[in-house]
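The chain that follows stands alone, in the form predicted on its own, written as structure tokens.
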Amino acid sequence: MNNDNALSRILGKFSGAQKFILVSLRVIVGWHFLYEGYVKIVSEGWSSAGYLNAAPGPFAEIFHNMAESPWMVSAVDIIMSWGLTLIGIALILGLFTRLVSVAAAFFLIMFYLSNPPWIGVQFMAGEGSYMIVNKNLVELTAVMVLLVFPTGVIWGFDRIFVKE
């Protein structure tokens, strides 16, 4: 079986509307990651220290300890700004989609745990408390969809890696 037949077999499983929606989801999530990372890169004086210091909930001490270490804050700043940016670019392009979906999930889990919307946890200003579900959990669920559907093969550079 050649590469074209393998692609046809994968892509034939979905309707045109399903393909469009799945790829749109990937591009939209990618755009959000790209924008969040880019803003951090170009914002003069941006630091993760404020966010880490303000983290509430049962994991607050871990995040606060990270904020007290200048080298840790520097590392988090680089990982956060460039990680978000590169994940966003890769998702938009449909390149290494499953791998970057795992990386995106890691970021979203960390964001969720650093500011959990649980009852009894004082949440950060600008974030609502939705009794377990917040925007990070919603986006994490979207990323899990991207992890299990071949959206980078439907339309993206992952198509290059499809084997017979």
Partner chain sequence: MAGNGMKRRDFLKAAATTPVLGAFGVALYSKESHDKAAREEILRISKKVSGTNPNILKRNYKRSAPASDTINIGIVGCGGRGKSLMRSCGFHPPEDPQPRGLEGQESLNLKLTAVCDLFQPNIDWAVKASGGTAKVYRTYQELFDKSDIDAVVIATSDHYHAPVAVAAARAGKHIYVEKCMTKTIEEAFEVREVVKKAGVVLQLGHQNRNSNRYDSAMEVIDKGMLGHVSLIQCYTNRNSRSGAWVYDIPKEHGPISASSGPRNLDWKQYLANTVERPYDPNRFFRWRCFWDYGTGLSGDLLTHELDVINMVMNLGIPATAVASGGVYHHKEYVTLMTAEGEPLDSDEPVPEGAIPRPDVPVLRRDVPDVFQVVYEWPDRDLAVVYNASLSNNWRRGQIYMGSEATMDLTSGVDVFADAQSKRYADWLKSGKIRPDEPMISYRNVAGKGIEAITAATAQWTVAKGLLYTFRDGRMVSTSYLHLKNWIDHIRDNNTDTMCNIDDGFQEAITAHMATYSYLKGTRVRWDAENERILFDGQESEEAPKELAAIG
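Positions refer to the first chain, counted from 1. What you see is a predicted model; the values in this text were computed from it and never measured.
Although not depicted, the form predicted together with its partner chain is the subject of the following passage.
> Which of 102-110, 27-35, 55-63, 130-138 has heavy atoms within 4.5 Å of its partner chain in the predicted complex?
Single hit among the candidates: 27-35.
> Closest heavy atom of Ile89 to its partner chain in the predicted complex, within 4.5 Å or not?
Contact check for Ile89: yes, within 4.5 Å of its partner chain in the predicted complex.
> With the partner left out of view, is Ile154 within 4.5 angstroms of its partner chain in the predicted complex by any non-hydrogen atom?
Taking the distances in the predicted complex, the answer for Ile154 is yes, it comes within 4.5 Å of its partner chain.
> Does the 4.5 Å heavy atom contact test between Leu93 and its partner chain in the predicted complex come out positive?
So Leu93 counts as contacting its partner chain.
> Does any heavy atom of Ala142 come within 4.5 Å of a heavy atom of its partner chain in the predicted complex?
Although its partner chain is absent here, Ala142 would stay clear of it in the predicted complex, with no heavy atoms inside 4.5 Å.
> Judged by heavy atom distances of 4.5 Å or less, which residues of 101-116 approach its partner chain in the predicted complex?
Sequence-ordered list is empty.
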